[in-house]
Structures are given as C-alpha cells and as structure tokens.
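Single chain ahead, by itself, as structure tokens, in the form predicted on its own.
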Amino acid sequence: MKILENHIIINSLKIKSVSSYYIEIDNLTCFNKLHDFINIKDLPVIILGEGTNIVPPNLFNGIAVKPSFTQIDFKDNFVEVGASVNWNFFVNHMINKNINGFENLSLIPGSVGAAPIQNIGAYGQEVSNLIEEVHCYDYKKNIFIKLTNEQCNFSYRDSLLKNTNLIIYKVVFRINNSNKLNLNYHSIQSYIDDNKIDKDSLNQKLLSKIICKIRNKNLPDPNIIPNAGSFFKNPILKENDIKIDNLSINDLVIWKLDNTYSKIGAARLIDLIKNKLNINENVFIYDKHSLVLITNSKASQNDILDFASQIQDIVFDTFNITLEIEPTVIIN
C-alpha cells in the first residue's frame, strides 16, 4: 500500500484538484491496513478509477483510494476482470476473442470497476446485461462482499454501488452471450443505411468500428478536449408532465418506454434553451453534442457546477423537467 500526501486527482475535466491523502492498493491483503488508516484519519473517502466521470473539488480534504487490479482470467463461461483494467482495452480484448455483447460499448472512457457503478450504456446495450458478479471490499466494515447481478439493483445509469463504502476490485462477466449483434439503435441503423452496408457482413469487430466512428463524430476525446462525457441523464417521466408553452411535443426527442413512462432526450432540451444561458469563460456546451460540457482546462468545480445549475434551472422553468447530473460530484 502506497500512501502519498497532497497528491493530484487526475480527472478528464482537467480541474486542478488535489487530495490530502492518496492511497494505491494493488493487493487484497492491503485492505486491512487501508481500513485502519481510514479509521485513524476519520476523513471523507473517494474511490478513483481513471477520473473520466468525476467532478472533483480543487482541494479534497480527504482520502482518495486508487485500486490497481489488472488481471483478466477466463474461467468456463465467465471472465474475471480487475477493476483497474481500461474499459475499452477490455472491450477490444473480448472482440479479438470473438466474444459477443461488448462491441456496442466500444470507446467508453474509464475503467472496468467504474462500469457497474453507473451501469454504463451506449447504442442499445447496458453493461448490466453482461455482468454476473461484482466483488467488493467494504472499507467501513472491513469485510469482502460478492454481489450478484440482481443484488446490484441495476437501473438506467444507476446501481446500488453508487455512494457506498464499497471498493470494487473485480468484475465477473458472462461470455456465453447471444451471437446476435445488437443493431437496433437508431444511429447504428442510420450509419448502415447511409453507407449501404450489408448487415449480414457485420461481425463484432466491424460493428465496433462503426460505433467508434459514430462516437468520434459526436463526442470529444477527453484526452484532447476536457470533458466528462454526458453531463446529464436523459430524464424518464410521464409525457403529460412536460410543460410546453411555445413548442410542440414533436420538437422533443422522446423514446417510449411503456404505456406510462418515456425517456426524454436531454441534449434536445438543452439545444432548445442554450441561447438563454449566460456565458462562462471556462465552461462551454460542446458544439456537436449538447449533453457534453467541456472546459478550457482552467475551470474549477464551482465553475462547472454553476454552469450546470444554470442549465438545470432553465430546463426546469421551460419544460418542468429536472435534469440529473450523471458524473459523480465529489464534495468535501
């Protein structure tokens, strides 16, 4: 176990953030020492992956824990993956082994351990459809916990794993998934139609390349343009609850979920109100996708949250819709 003081918290928004203590864990036997250290210091604790889905403060007066578990082991119909493995590296590893189900989740930033926490999803697939178990350590109770898929209580961009005392060190995935490719998402179908691609010619690798092209066209690379991906969730609500005074319901992007609820495209909501926003010199809406907030590498946590709050307020006043922030906001 390595303990560092006043250490940088790496994050894709490029906030200049420092943690009072920073601990790297690369062995299960270190967790007892971590438990003791946390009890002695009695400070807030955050668990770090690759920092692609967090909004950290400039100074975190607490303990940042960075797991470092990188094994990938195949056992029967499952693969056990260390929490610190890069997600896209893992996806490509599955594709190269001709294992279905992961290709729609290509190019999502972050680590394997972060994937189940917010139940990452894209292009018609959610990671919860692939997970068998999540192995964790509870740093408060000093016990190891194995959660089944059902116990994780997965839902849209959410799970029981959020805002807990659990440190994920391993995720077990099923690898006996259906061989049928998931081509139902509208942007995938549009790409196939526009490029006159024969669906029968597709395999995991070709579908992954298509998804990467779609993502690169619409979403900025966090290594080049600071961002944390989609900053708001697509809200789920009853269509009758939407307030539309000067617009038609057809002006919105709506996905019907059942007879009661629909998912509303948050990007479209922001498109319709962004001309009402006050300018922030350090935070901006990405011009190719309104769900993405980008920075100039000079933004503080307050800059980002103030700009996001302004968006939330105007969307609520205009549509009676509450936008929920998707990345984890770290608070002292």
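For every residue, the number given is its place in the sequence shown, counted from 1. Given the structure is predicted, the values throughout are model-derived calculations rather than measurements.
What comes next is about the form predicted in complex with a small molecule, which is not displayed.
Q: Is G62 near the small molecule? Define near as a heavy atom within 4.5 Å, in the predicted bound form.
A: It does not: once the small molecule is placed as it appears in the predicted bound form, G62 has no heavy atom within 4.5 Å of it.
Q: Is K233 a contact residue for the small molecule in the predicted bound form, using a 4.5 Å heavy atom cut-off?
A: It does not: once the small molecule is placed as it appears in the predicted bound form, K233 has no heavy atom within 4.5 Å of it.
Q: Does any part of A228 reach within 4.5 Å of the small molecule in the predicted bound form? Heavy atoms only, please.
A: A228 belongs to the contact set for the small molecule.
Q: With the partner left out of view, is R157 within 4.5 angstroms of the small molecule in the predicted bound form by any non-hydrogen atom?
A: Contact with the small molecule, yes.
Q: Please pick, from A122, M94, I210, I242, the one residue with any non-hydrogen atom lying within 4.5 angstroms of the small molecule in the predicted bound form.
A: Flagged contact: A122.
Q: Thinking of the small molecule in the predicted bound form, which stretch from 140 to 148, 244 to 252, 190 to 198, 211 to 219 has heavy atoms inside 4.5 Å of it?
A: Heavy-atom contact with the partner occurs in 211 to 219.
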